[in-house]
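Before any questions on how it binds or moves, here is one chain, the form predicted on its own, in structure tokens.
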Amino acid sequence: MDALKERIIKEGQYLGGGILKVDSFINHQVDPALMDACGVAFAERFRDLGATRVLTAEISGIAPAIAAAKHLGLQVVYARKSKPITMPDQVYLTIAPSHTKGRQVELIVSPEYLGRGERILIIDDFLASGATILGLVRLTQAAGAEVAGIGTLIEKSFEGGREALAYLGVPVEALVVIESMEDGKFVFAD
């Protein structure tokens, strides 16, 4: 997706260690027009999957998930990283490593919002190692639901996440694929 690629080139910062900072338009400050365009792109790619709900992780996945869900006519549920008192005692919970936080994080979903027999479209900001998305897959499976597809704004293909998800046999779509970020120069897949 050209608009997203242009923003990465213009505003993205390589911080080393595989970290791409896109805080000015995705992760801290969000560009609603760009997210809406990304939502349209996701809807075009996933419209025929028969998804019943979109699932993402708090916090950076929420904007692209809402945009995708808006254009697919679906609800969004996001995995929380801490359990509020309003959540029931029995929850779906898994642990996933966070590359940017440098530690393990909990991913928690209330069974009220993720049900047996649903077809779940997972949307997130990044596909790197695949660890967070695999956590969302585990939550989906724990609920007795099925993963219908996976979409990300940005894939860092050199981190192997796509390969880690291959066993699922579902469509995995990234709007922009970065093959390398060495020396702060972005190399995109065509």
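Numbers follow the displayed sequence, beginning with 1. All figures in this text were calculated on a predicted structure; none of them were measured in a lab.
In what follows, reference is made to the form predicted in complex with a further copy of the same chain, a form of this protein that is not presented.
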Any non-hydrogen atom of Asp31 within 4.5 angstroms of a further copy of the same chain in the predicted complex: yes
Can you tell me whether Ala69 touches a further copy of the same chain? I mean in the predicted complex, with a 4.5 angstroms heavy atom cut-off. yes
Although the partner isn't part of this model, could you tell me whether Ile59 comes within 4.5 Å of a further copy of the same chain in the predicted complex, counting any heavy atom of the residue? yes
If we define contact as a non-hydrogen atom of the residue within 4.5 angstroms of the partner, is Met87 a contact of a further copy of the same chain in the predicted complex? yes
Specify the contacting stretch among 145 to 153, 43 to 51, 129 to 137, 23 to 31, defined as having any heavy atom within 4.5 Å of a further copy of the same chain in the predicted complex. 23 to 31
In the predicted complex, does each residue in the set Arg7, Val76 and Tyr113 place a non-hydrogen atom within 4.5 angstroms of a further copy of the same chain? yes
